[in-house]
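Single chain ahead, by itself, as structure tokens, in the form predicted on its own.
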């Protein structure tokens, strides 16, 4: 199983240094504290952070948004549980690191107290930290208790405190749930760390798989034994729809995740492909063959046709809904090459959105509604790009290898995609600006789809 490896953040003190120097005399300890404070302060002064006496918040609408300096020292535990405490701390660090919104430092200045009885908030603030997360774990047999608190260092105030209990095997999901709450506290929108990503195997095994957003807890969902395409989560997270050649035709199927039973939704002759649920789950947009040409239709979850949306010449595929359900973006080659268009979900005229390159496909609408992520062919290779829904601000997010099939996380902070960098196609996750890109599967995979709920 692939792990997200978080590079050591600038200003972090290696653990071996803390262990070695912590036993030295008082004068040395204060010199170490001063040097640590000076180095961290110099680093964080470059971040142009918000005033330290304001509310602890990350303003995602700020175009000059700087990373929030946050200290996340190793969680407290008894000696026997120290390795587990380290593991859980790293899970939380990796979650927050992936957003690209934090300067994460894994230690505090030498001699600074962060105990429950006394925390030196003033020194932390003077060192440049805006936030502190302190946690501890208690392990009793197979039972795990995890407590964690988020503090505003300037106001010397606890902004979030949670206690979780569960089994040892639940430890990753427990930490993810706390990270979700941290993001909700700081931004007003819960994190996506408890959600799942489905994808299609890209090797000999073309079945559908599901995993945690960071690649852990991988499981196979189907045993179809034939070509499978375009998985899509239902909004309630209880089922998936996908296209498969079970009967020799690209039909649309539904998979109930609890029972693992499959149900045929649309088996019309020709394509029944690239299906996407509306935000409320009451409609499905997909590409159906009409007089030999793929067109965009909407159907009910039971498969009954509601409306044909596109007309004219050209092949129309890959619909994606706006978050409010009013508009659908899709791909058409009516102008000679694949380009992205938008149309009302009730039908009407289409408007072309992309003009930058001669091949644009795989659109996915951001949950915030302001951006479309898509695949664009640039200098002979496929790259993940974004564009605003008015056609402005075209940005290229990837550059290494060929990259396809973007899928937004439900909070709009991360994007999953497939990439062949490294010699084989795997699922990667990056933050919305493309600054952090990491592989999350060790097995070959493509066509990721991101759930709205933390399902298994």
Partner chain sequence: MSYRRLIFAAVAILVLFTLLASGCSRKVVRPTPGPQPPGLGGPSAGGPVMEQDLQVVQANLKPVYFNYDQYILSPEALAAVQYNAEILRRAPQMAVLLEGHCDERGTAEYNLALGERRARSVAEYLTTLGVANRISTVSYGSELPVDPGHNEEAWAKNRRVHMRVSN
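It should be emphasised that the depicted structure is a prediction, and the values quoted were computed from it without experimental measurement. Positions refer to the first chain, counted from 1.
Not pictured, yet referred to below: the form predicted together with its partner chain.
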query: In the model of the complex, the one of 397, 404, 68, 56 near its partner chain [non-hydrogen atom within 4.5 angstroms]; finding: 404
query: Sole residue of 149, 177, 276, 171 within 4.5 Å of its partner chain in the model of the complex, by heavy atom; finding: 276
query: One stretch from 312-320, 163-171, 111-119, 96-104 that, in the model of the complex, holds residues within 4.5 Å of its partner chain by heavy atom; finding: 312-320
query: Residue contact check: residue 375 to its partner chain in the model of the complex, 4.5 Å heavy atom; finding: yes
query: Residue 270, heavy atom within 4.5 angstroms of its partner chain in the model of the complex; finding: yes
query: Residue contact check: residue 248 to its partner chain in the model of the complex, 4.5 Å heavy atom; finding: yes
query: Residue contact check: residue 364 to its partner chain in the model of the complex, 4.5 Å heavy atom; finding: no
query: In the model of the complex, residues of 212-241 near its partner chain [heavy atom within 4.5 Å]; finding: 227, 229, 230
